[in-house]
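One protein chain, two forms: both are listed below as structure tokens, the first as structure 1 and the second as structure 2.
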Structure 1
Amino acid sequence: MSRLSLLMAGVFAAGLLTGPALAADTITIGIPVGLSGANSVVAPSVVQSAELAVEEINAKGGILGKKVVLEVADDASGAAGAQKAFDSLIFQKKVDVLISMETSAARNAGLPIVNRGKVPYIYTSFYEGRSCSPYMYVNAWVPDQQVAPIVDFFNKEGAKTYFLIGSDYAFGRGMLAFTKAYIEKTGGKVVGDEYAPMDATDWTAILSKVKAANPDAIITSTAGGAPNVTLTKQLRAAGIKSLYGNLAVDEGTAKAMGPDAEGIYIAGSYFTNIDTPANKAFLAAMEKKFGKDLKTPNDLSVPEYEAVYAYKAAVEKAGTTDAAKVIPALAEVAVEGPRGTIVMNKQRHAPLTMYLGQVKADGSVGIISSFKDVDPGEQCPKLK
């Protein structure tokens, strides 16, 4: 046999030993996320949270003795990109689980692929609610948990009239439909509701209608990230002084807005100012790992960190990565994280401690009040 033949045989043998063996010794988490498009402002913080969780888990022996690795795919914050990302992760990369924050458009496009591939999917983004799949769990808030703190506060501040502004897709319309019903239920009046495309950058026409209506309060629900920034900057430039509640801004995006974010009221399940040992330890670990490159942890990235640990707990409870056994286990495990104890045992969703806050001049959020273990309500009653 020639030297070349011997060399090729050695390479082939090494491949046989390391290829399948390496795959058998790893657990792969797929992260489809909007590295481009509307979510590009916040997506890097989501990836960082997952990277920290995986580093911590691997430092303690991995999951069932296996090393955990990440596969990140850009879903471009929309349906077409999500279809490509989900298909690649599930059928080409053969991931064991999907864990990610995405737009509702991306999630809705990806779910049929999840169902076909029969892969567990932990959705870590706050959203409009009532999206259900046998393979999906959600550890972030829904409108049943998030809307009341803002509207109730505005009502106490004397607000009688409201103007609603949203992105024209499932999240924007779903959130504001719930909000409108709640405002009217509590005695308020919606004097206008307007929507712009998901990638809108010019809000001039809508803001002209707001000025004409002169509402006591404005509540917005855009796609997370870039649309939030442009709307807020233009709203401030227009000199509108109404109370301003934002259902879609995270703390990281608020910092990106600069001075324009000051005074915005937001409700969420996570702010960096949560004063608990678990949150302080998490922030310290993030700072140590990423240093000057750290993206502000927020209500879209922290659930990602906790979801990686939830998957770890479910696999260890099941004793396997087999989806049929991991899926029911996800409803039974509890994760102690920066947001407290998270259990996704309410129709695939989680009771959450919610906070009402107001953005300060430095972009951080001052907590006004908290609401412990807020129930997500009826979300997926047909799923166990």
Structure 2
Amino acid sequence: MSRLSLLMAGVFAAGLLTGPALAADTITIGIPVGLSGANSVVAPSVVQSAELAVEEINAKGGILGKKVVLEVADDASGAAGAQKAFDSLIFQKKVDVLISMETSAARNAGLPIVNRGKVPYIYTSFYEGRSCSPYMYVNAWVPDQQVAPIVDFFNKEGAKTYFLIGSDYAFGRGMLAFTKAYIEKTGGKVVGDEYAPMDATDWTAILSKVKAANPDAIITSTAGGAPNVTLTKQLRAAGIKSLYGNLAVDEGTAKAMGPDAEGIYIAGSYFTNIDTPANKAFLAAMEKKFGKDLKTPNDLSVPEYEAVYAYKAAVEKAGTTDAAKVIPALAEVAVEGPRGTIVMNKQRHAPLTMYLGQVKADGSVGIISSFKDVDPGEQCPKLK
């Protein structure tokens, strides 16, 4: 046993010596992201966004004259992987800030480590809301911002009865609970709400109920990727013709679904078709940098790009990378990005311009209308 212990000690020691040498004249941004697991579909686009932002910033002299470097770690889209990724970034790579799009489970698992390491953390994924930490800011949407555009539009189209379908997990339940309350507040009627297991591939029973209820509109909030695709395919195959709003589909997945996706209504804070000079410049720069390897920018990757700029602005405002000074500054700085001007000044969340779109035959999203600076509502009343 002792012989073996020695051997083990050797193995560990070899692992420990691989830590990078840190230069004092760089600023390191840590990106824990789901390179494997459920988020692996969207993760490459997130990393590309961050790479572009860092390249642009370094080309203009970095932050406070320091060069910015990225450290990407795989959180495997889950809690256990996130713990390793956060440990590695905070304690081994000694990053100055964490900026990332992650699952809620990964974010929750990482937060205690962030508290221990005392680094600023900008969360860039839309989520079910009300996650609060003194070190964390969020620049993506929460249900309070996203649901209204779709429901208001369906109401205007004359929808009276709604059927809600979700995956049985925090985001699915959180979104639909808010949606249900909002529909009832605006005079609609929810004739059914059903949840399937998160890895469900068979929606037969739920779809039969939908057919029996024959609602004017359906709003779904499933787990990303496979469940979203299977539900849409089976819904179309079952010949259901109601208005179909999807709270969880992004442009990339809509494209992968092919003709079945056509006509789906989606709401979000970013679509590639947003017609602003900032967005056009962003898309052109992405195209130029990544060429044929470009992953279509989307509602999960663009906030990452903007968050890097938000951190830059906060550090410049604070004049230091000291977390205690950067954290209050993050609430004050405004970033002009592809999604418009964003300030994370509402209880660590940001008012956002929201768009309602509809998937076209070629898989791209046509924007129907926009809603300026939608308020995130009460998210973290204990934090200002």
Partner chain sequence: MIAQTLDIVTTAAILYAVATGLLLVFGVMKIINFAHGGLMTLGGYAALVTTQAGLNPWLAIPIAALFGGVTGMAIERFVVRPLYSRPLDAILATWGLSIIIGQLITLAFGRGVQFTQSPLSGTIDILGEGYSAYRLALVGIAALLGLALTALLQGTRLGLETRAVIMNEDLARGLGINSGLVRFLTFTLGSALAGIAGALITPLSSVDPAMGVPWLVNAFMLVLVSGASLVSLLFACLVLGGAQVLVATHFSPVLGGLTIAVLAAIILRLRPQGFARD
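As the structure is a computational prediction, the values presented were derived from the model and not from experiment. Rigid core (definition): largest C-alpha set, two forms, superposition within 1.5 Å. Residue positions are counted from 1 along structure 1's sequence.
J.: Does the form predicted alone correspond to structure 1 or to structure 2?
T.: The form predicted alone is shown as structure 1.
J.: Could you check, with the core superposed, whether the Cα atom of I219 shifts 2 Å or more between structure 1 and structure 2?
T.: Moves: yes, 2 Å or greater.
J.: Does G188 count as moved between structure 1 and structure 2, where moved means a C-alpha shift of 2 angstroms or more after fitting the rigid core?
T.: Yes; G188 is a residue whose C-alpha shifts (by 2 Å or more) between structure 1 and structure 2 when the cores are overlaid.
J.: Rigid core aligned, does the Cα position of L294 differ by 2 Å or more between structure 1 and structure 2?
T.: Where the cores coincide, L294 shows only a C-alpha shift between structure 1 and structure 2 that is less than 2 Å.
J.: Would you look up how far the C-alpha of S167 moves between structure 1 and structure 2 when the rigid core is overlaid, in angstrom?
T.: That residue's C-alpha is offset by 3.6 Å.
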